[in-house]
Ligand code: OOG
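Single chain ahead, written as structure tokens, the form predicted on its own.
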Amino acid sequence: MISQWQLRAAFAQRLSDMYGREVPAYTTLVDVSHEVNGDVMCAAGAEAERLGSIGRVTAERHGAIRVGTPDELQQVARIFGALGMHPVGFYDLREAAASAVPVVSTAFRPVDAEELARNPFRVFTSMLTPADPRFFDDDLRRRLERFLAERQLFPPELLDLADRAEARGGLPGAEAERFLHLAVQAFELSTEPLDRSWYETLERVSAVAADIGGVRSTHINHLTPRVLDIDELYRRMTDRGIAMIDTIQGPPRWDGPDVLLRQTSFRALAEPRALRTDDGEVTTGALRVRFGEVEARGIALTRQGRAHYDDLLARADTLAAQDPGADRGAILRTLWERHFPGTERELAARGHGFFTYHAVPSAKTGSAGPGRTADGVPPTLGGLLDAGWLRAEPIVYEDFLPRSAAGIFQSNLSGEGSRDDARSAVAYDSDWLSGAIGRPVLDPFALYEEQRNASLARAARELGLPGVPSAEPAAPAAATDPSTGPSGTGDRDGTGHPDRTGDPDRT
């Protein structure tokens, strides 16, 4: 029996091999990623593996695919369910993008820490929203829905094997091989001629809509290796003559802890595609739909930490709008250096970052002292860390940022498309998506919280603590003194957050 994680690892590798054959620049991206990772390992040693072993980082990939209907998304869920991957998170790229990106998304990935360590393959999966009148009028919606209903993305044999693999926890050798062959084949770029007129009709609305609804198949839009120094990779790819997008999406580069996700890509390549004209003639054109993305992953943030992150991004937007000639990256770095926790200890003590906590029994003393209660127990999580009672290990962020994903999409579009914001959007959310695919879309915060809380409870038992220390300190009351800014804690630029130099246990 080939287990689900072995199927997942084999599928990720075969998909990578296939994509490298179809998009040679992707192979260059992987090679440069390996070079950079090797150099970082030589320079930083064990510290380079603080957010995952080099074996995991080297094998790590995330892919991206696009489908058109809830039925197609439900079939994708069955295929990835065979690989031990679950839908995690809901992302509305319609709202995150400035240009026309009419999709909502989820990501399929393993959720168990052991499974993630074995192979953390993820697939960011987007679904078209034909019912949204901001993008599609009634006539185009009917035509699009009819087109999508008539196509078949995945053969019944593949879906049957997927159901068996999920039910049994794997497949025997011959069936596993057949499943992998069909699954990789389903995501290859089709050579079938496209209806040029229909494709161009959708492209006027959105290049993403055309890539989904203008073809009778699906394909991998990008595969993403993980790199330990994304800024160095960006420089080396540019030096090799690879056209990169203008920015690295996500948090800025700085001297503090890496958090969440930083992403960039090389620009979508003009690839030859067969096009059928209205009179039936087949010609050769060029479409830009596939690109090479790369990512650097950091520490997962709590809900409180994520709100802080989003607030700083919003403040950077405001400051950049006030001074269009300013370097937005420099603005972000300044905000981060002043307001974002500058160490892992601060992230943990403020309740802004997710960590697992491990008991250090040798540090326990029974005596009272400064910063301790009468029985000698430090009263706060920060105190337990400082006193050496607990050791914190960061939890890697396994998910995605809608704004960054939209930024990657936008940077690789050939045009802005069209969008009528005078019309009301159709509402989609995580509950709707769960019903559409017949399985729960999991909350990523809840997954991280479960991992953190279990480790805290275990450490408290091992240390004999009277209770489990709180991982998320309460936020302070709003300030009434306007001279200190909205937060009342040294907020001199109006972000609503204190300077980083304040007492982290009081924020």
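The first residue of the sequence shown is number 1, and the count goes up from there. Just so it is clear, the model here is predicted, and its values are computed rather than measured.
What comes next is about the form predicted together with the named molecule, which does not appear here.
In the predicted bound form, at least one heavy atom of residue 222 sits within 4.5 Å of the named molecule. Residue contact with the named molecule in the predicted bound form: residue 293 places a heavy atom within 4.5 Å of it. Using a 4.5 angstroms limit between non-hydrogen atoms, residue 405 touches the named molecule in the predicted bound form. Contact between residue 61 and the named molecule in the predicted bound form is not found at the 4.5 Å heavy atom cutoff. Among 80, 179, 354, 124, the residue placing a heavy atom within 4.5 Å of the named molecule in the predicted bound form is 124.
This chain lacks the partner; the member of 218, 129, 302, 263 within 4.5 angstroms of the named molecule in the predicted bound form by a non-hydrogen atom is 263.
Comment: 64-72 is the region of 461-469, 64-72, 33-41, 47-55 lying near the named molecule in the predicted bound form, near meaning a non-hydrogen atom within 4.5 Å. The single residue of 384-401 lying near the named molecule in the predicted bound form is 400, the criterion being any heavy atom within 4.5 Å.
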